[in-house]
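As a starting point, one isolated chain is supplied in structure tokens, in the form predicted on its own.
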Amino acid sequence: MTTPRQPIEPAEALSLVLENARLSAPESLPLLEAVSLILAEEIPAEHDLPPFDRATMDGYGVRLADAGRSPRVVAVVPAGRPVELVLEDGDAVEIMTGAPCPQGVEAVVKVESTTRDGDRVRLPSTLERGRHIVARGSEHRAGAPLLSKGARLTPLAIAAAATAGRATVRVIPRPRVAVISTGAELTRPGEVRVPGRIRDSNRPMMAALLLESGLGEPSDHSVTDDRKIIDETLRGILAGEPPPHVLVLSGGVSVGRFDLVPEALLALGAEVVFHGVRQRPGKPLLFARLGERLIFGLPGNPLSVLAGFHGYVAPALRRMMGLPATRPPFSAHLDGPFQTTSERHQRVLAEVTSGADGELIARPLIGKGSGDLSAVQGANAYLMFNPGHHRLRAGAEVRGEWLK
């Protein structure tokens, strides 16, 4: 496929990205490393649940024949320690919440409903069979599916897997993502800044986006505007162990003399799927593939990187993890008048809050350019605008997408 001469529409760009995003191969991971991932196997119950008749109250295990009587307390049964006895009429056991009921116990009477006198306990005049007892296997039978293949491992699902005795689970893993910032002008945080240079904010932001969303395991790299160094860095990253599934580069993808990323990718053997999207911010966005590996070249401005991640990188990672690629848009009403003009589709960062009546209220956050981070710190959503001139009144309805 050759690079289109003109920028393509955002919808077409996203469709091409998702066509090339393949479901990742399953891996076995420790249980707590699998939180929020999709199960690639069925998990059956290890044994009957509960595995014994379980008391659900602190009280006394009794026989129904002793209703209204004062049976003798012959044992104490704590949780985790079964007592090997058969309860006879005229006997009772003191039992704790979660403890296994000895054979012969037909009901558990809670402490508050009894009167204790030495080794005897006075019971209510009416007893109900099975009261305050969860019968063995009443929740789940041994071998029956406890979690289905395709289930997402929420905290409750993690608890269920632990109940099934699983220390590891087979899941669709998070992709390994190499985050690479390019540019001779960049200085890492913590380093002494040289005059004429700027801090590298894209690399930590991209890594943070991956960590916050849980969509990838990032490794971070940076290169200067030198073809040889870019080539060597990319080859070194791809030869790493284990190698990344996705590469996300920032900068070097436009048409300037030092925008060397497209050439480097072609020399690497990558196939450029598209280069340029009719959108603002982020028009020069590039998408390529190298075998099954996906490569995103995002423009260097921080807000272009942010838009590229949410618009294309995140949907691809979700598809690779077996999650819905995109999330439903929402409608909100502007908190004041707003106007914008562009020949491209626009993503405008906004702060969206809930009004007194539950209606969503959107406040566009407009800075002084694609590098202005201070003006957008409260953003939690994008407002989406088609090409053209939009002059909107306060209260006008707009379409939005959440950042997370």
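This structure is a prediction, so every number in the text was calculated from the model and none was measured. Residue numbers run from 1 along the displayed sequence.
Not on display, but discussed next: the form predicted in complex with a small molecule.
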Only one of Pro175, Gly322, Gly137, Pro302 has a non-hydrogen atom within 4.5 angstroms of the small molecule in the predicted complex; which is it?
Pro302
Which residue among Arg122, Arg199, Arg152, Arg235 has a heavy atom within 4.5 angstroms of the small molecule in the predicted complex?
Arg199
Considering only heavy atoms, tell me if Ser181 and the small molecule come within 4.5 Å of each other in the predicted complex.
yes
Would you please decide whether Asp91 lies within 4.5 angstroms of the small molecule in the predicted complex, comparing each non-hydrogen atom pair?
no
Please determine whether Asp259 contacts the small molecule in the predicted complex, using a 4.5 Å cut-off between heavy atoms.
yes
Gly252: touches the small molecule in the predicted complex, heavy atom cutoff 4.5 angstroms
yes
Please identify, from 226 to 234, 270 to 278, 292 to 300, 80 to 88, the stretch that has a heavy atom within 4.5 Å of the small molecule in the predicted complex.
292 to 300
